[in-house]
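What follows is one chain in C-alpha cells, specifically the form predicted alone.
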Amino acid sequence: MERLNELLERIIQRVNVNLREPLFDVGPYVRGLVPWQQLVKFYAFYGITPHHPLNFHFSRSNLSGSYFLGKCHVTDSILYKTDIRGDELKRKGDFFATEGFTIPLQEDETIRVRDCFLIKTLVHNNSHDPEHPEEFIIQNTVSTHFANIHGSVVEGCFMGPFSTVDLTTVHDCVIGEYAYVQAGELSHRQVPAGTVWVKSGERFEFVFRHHPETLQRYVRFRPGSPPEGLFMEFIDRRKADYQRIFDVVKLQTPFSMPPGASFNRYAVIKPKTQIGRNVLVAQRAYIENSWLGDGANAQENCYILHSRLNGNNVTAHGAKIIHADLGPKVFVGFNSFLQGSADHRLAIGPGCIVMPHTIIDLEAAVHIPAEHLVWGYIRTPQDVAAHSLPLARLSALSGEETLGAMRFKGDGRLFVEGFKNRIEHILEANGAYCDGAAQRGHAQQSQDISFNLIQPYPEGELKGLYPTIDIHP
C-alpha cells in the first residue's frame, strides 16, 4: 500500500499549499481517518442508462464504493464511498443564463475531480460558475464524512463532516463541520462550524450559527479522530442494514413499484414502508416504516423512519426525518435532523421550508403551522416561536430583522420566491409531476440502470489502487 500512502501525502501537500491563507493544515485531520484496509475491501461501481452519456475516465485512483453516472474524469484521487452523480450535467447546445448573460455550451459538461480525498461525499447537480459552464471543477480539495458539494466549483478547500457548499464557487476556504454555505463566491475564508449562511448579492442575506456547545452534542471533529456525536451514532447504528445491498449483486425490489416511481438499487427500504406514484428513492437513502405520498423524493444519504410524508415533499441530501408527519410540499434542507419520538411526534404543516442544517430534536410534541420558514435548534413548542417565521411575514420584510441568533436583511420576498422556485424545479426535475408521457424526470429515467463493478489490485505495491480505465459510450 506504499503507493496509496504516497497518493494521500501528495493530496495533503497540494491542499495545504492552497490553504496558506487561511493558514490551515489538513494533514492531522485526514491521516488515519479511514484505515487502509477499509479503502481496499470495497468495490467501486458506476451506472449506465440510455439517458446519461457515460465518458468515464480515471487514473491511479482509489475509488472504494464510488458511484458514477454520467461524464466524469478522475485523476490521482481517493474517493471512499463517494457518490459522484452526473445526471444533471448541462449538454452541448444548452444555454447557461446568469447575471444577464446567456452562454451557449460548445460541449457536454464534465465533472473533473483531481488530487482529491472525498470521504462519503456527494457531488451532484451541475456547475453554476459562469467562468466554467462546461466544467464542474473539484480540485486540490479534501472533504470529509457526509459533506455535500452541490453545483459548486470547489478548489483548494477543506470541508468538515456534514458540511455543505451549495451553488457557490469556493476558492481556498475552510468550511467547518455542519456549516452550510450558499453565497455566490468565496475566497480565502474560514466558515465556522454550525454556520448556516445564504446570501444573494445585495438582494438578501440569512445567517444563523448553532451554539458551539449544542453542536458538540451532534457532531464534533478533532485532529486524529473520526467524526463523533449523535449524527454519527445514528448512522453507525444502521450500517449493518447496508451490508447486504453491497454484498448481493442482484436484489429484488421489496414491493411492487407504483407507476412512475423509482427505488435505487443501493437504497435500503425496511418493512412497513409504502411509496406512491412518482416517488424517487435515491442512492443510499434509508426508509423504514414510513409512507411517502405521490411525488415525494428521498434524496441521497437521507433517512426517513416512522414518518408520513403527504406528497410532493423534498427531503434533501443527508436529511433525517424520524417520527414526524409532514404536510404536502414540505421542503427539508440538506443534512437537517428532524427527530420526534413515538410519544412526542413532530408535525410540520403544508408548504413549510425547513432550512438546511436545522436540528429539531424533541423533548415534547411540536406542531409547526403551515407556510413557515424553520431554522436553528428546536426541542420544545416554546422554541418554535424563536426559530420560525410565517412566509407571508418574511415576504413583506424589507430591511433587517433579528430573531434570536438568526439575522436576516434584504428583500424577504425575493428570498421566499427563490426558495419556492427552487423547490418547484426539484420536483419537476425529479419527475414528481410525471403524467406518464411528458414531464419525465429522475424518478422515471432511473427506473432502468445497469450497475457495473470495478475492483482494485488485490496485492503488491499497487494494492488498493485501481487500474487506469477509460470508458466511453
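Note that residue numbering follows the sequence shown and begins at 1. Note that the coordinates shown come from a computational prediction; the quantities given were computed from them, not determined experimentally.
Quick note: we don't show the form predicted in complex with a further copy of the same chain, though the next part is all about it.
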Tell me, which of 414, 54, 405, 423 has a heavy atom within 4.5 angstroms of a further copy of the same chain in the predicted complex?
54
Assert contact_stretch over 406-414, 43-51, 66-74, 24-32 against a further copy of the same chain in the predicted complex, heavy atom within 4.5 Å, equals 43-51
Is there a heavy atom of residue 17 lying 4.5 Å or less from a heavy atom of a further copy of the same chain in the predicted complex?
no
Might residue 9 be said to contact a further copy of the same chain in the predicted complex, defining contact as any heavy atom within 4.5 Å?
no
Is residue 2 near a further copy of the same chain? Define near as a heavy atom within 4.5 Å, in the predicted complex.
no
Does at least one non-hydrogen atom of residue 101 fall within 4.5 angstroms of a further copy of the same chain in the predicted complex?
no
Stretch 441-467 - residues with a heavy atom within 4.5 Å of a further copy of the same chain in the predicted complex:
448, 449, 450, 451, 452, 453, 454, 455, 456, 457, 458, 459, 460, 467
